[in-house]
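Presented below, as structure tokens, is a lone chain in the form predicted on its own.
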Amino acid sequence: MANLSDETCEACRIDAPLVSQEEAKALLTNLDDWQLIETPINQLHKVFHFPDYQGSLDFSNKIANLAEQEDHHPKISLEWGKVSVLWWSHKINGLHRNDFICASKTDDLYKEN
């Protein structure tokens, strides 16, 4: 399987297929410590740690820029020394391959710090 970070998000339609549980588990093996949250809808979650607020803020802005580039937008929670990220596809109310692509790209941004 190709590196998810090398892929680009496709435009998500209201009738786009949800990733199956089996596909989600397989795709998770390509990600670094992301958690699958199943309630209330399937989402990918990860917390990133920083030594200060500025690091958290800078990382949040990098994720926001990624989201605009990919036209796919997560929930980002910014705190002192911590950024929590949730990826899911709003139009289909669950997980799409796009979410795994963006999670992988989020990891790449973190590694750049």
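Please read all numbers here as calculations on a predicted model, not as lab measurements. In case it trips you up, residue 1 is the first one in the sequence shown, and so on.
Beyond what is shown, the protein has a form predicted in complex with a further copy of the same chain; the following relates to that form.
For a residue to qualify, one of its non-hydrogen atoms must sit within 4.5 Å of a further copy of the same chain in the model of the complex; all three of 61, 64 and 76 qualify.
Among 36, 57, 41, 47, the residue placing a heavy atom within 4.5 Å of a further copy of the same chain in the model of the complex is 57. Heavy atoms of residue 32 never reach within 4.5 Å of a further copy of the same chain in the model of the complex, leaving it off the interface.
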